[in-house]
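In structure tokens, the next block holds one chain alone, the form predicted alone.
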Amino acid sequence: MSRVQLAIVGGGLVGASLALALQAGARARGWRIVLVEPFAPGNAWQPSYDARSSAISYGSRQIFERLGLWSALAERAEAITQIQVSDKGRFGATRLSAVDEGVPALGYVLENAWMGHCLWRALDPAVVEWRCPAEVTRMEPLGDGYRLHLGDDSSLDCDLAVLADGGRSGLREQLGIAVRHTPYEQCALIANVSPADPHGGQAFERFTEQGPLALLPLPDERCALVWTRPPVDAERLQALPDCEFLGELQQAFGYRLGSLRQVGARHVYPLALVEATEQVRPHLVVLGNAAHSLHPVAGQGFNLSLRDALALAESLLQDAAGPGDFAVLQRYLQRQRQDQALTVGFSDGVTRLFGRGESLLVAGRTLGLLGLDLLPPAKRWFARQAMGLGTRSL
């Protein structure tokens, strides 16, 4: 039976980012890291019209620069230079600009497959070992760590286990870690669309009576759509022929980018705010969507998880104690508590304010959007949340 210092359960974007953040320090300390992942990463990146994507904030770009990965990611990153926020049928609107904020971009949109490809290429196999495809079926706490039981009947001992296996983590439930589950009674319909006009780096947040929709700029003049709708309506929209779907989307979004000409595969996901009641135990950390899964409308989920991963890596590498030491893990969580509370609160607040159609809320958000343009400090605060800089300076 082998033993390593760190085992990361889940080799997706968050788990791989943590491994990269730890890599140099682990090499210097002689630590071994194992990534356990059910789905093998591809050896070659293949472009796809329907590729899923994520919006990363300007703060996340800064993190990837520190990790030496940004130059590779930038080859397929589409900059968000402006965000237009509007409320359908009302005067309330505001516009955030990278120029006004003194940054090259408010954020970027990256295809998940490209991010994964760049992350996996950057990992040093001499420090980070892949167990892939492999699945952890059971986690057994030991006095000095955890024993991971894998699907092939092998096992692995570690000083610290990091659970980063997603929002529907069966292992989290198996370990008795409860979650606060707040359903939004909405679904996100996700697809890529092609407009007639160039997007010019513009992102759009459009709020309607049925729910918010976002169009984010992608390479090749595509846009990533996130359209929040009631569950029955989301399923209806998913089943429509392309031309009928584009007609309904055009009516909701308008002609800011001209006619919408093409739509790819559509996927529907139920939405909820999910928060683990425990994020650290002795020799255990819960990370990524397994720790907190947010509504996609504010684009904060992956960015918060990336900040968590960097903070965890720094906490582990700055302390002389072993990587599973509970005091070290508690200090990490205390360090991130304000950022998590602020980001979750911002995301949930935006969702509740703009996802409902009651007249008082509509009036309040209309005044709020108008106020952002009239009150520069408020607009600056809103922009810093969007850029992932709410608790730190540029």
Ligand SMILES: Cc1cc2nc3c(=O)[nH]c(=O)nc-3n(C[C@H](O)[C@H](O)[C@H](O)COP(=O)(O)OP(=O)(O)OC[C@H]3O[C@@H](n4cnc5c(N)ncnc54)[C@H](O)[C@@H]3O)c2cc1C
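Since we're looking at a predicted model, the values are computed, not measured. Start at 1 and count along the sequence shown; that's the residue number.
Just so you know, the form predicted together with the ligand exists too; it's not on screen, but the next bit is about it.
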{"property": "4.5 Å heavy atom contact, V9 and the ligand in the model of the complex", "result": "yes"}
{"property": "Distance check, Y255 to the ligand in the model of the complex, heavy atom within 4.5 Å", "result": "no"}
{"property": "is_contact(T343, the ligand) in the model of the complex, heavy atom dist at most 4.5 Å", "result": "no"}
{"property": "Heavy atom of G211 within 4.5 Å of the ligand in the model of the complex", "result": "no"}
{"property": "The single option of Y146, F302, F204, W120 touching the ligand in the model of the complex, heavy atom within 4.5 Å", "result": "F302"}
{"property": "Answer option from A234, A134, V280, A98, heavy atom within 4.5 Å of the ligand in the model of the complex", "result": "A134"}
{"property": "Interface segment, criterion being heavy atoms within 4.5 Å of the ligand in the model of the complex, picked from 183-191, 255-263, 120-128, 68-76", "result": "183-191"}
{"property": "Complete contact of L22, G59 and P323 with the ligand in the model of the complex (any heavy atom, 4.5 Å)", "result": "no"}
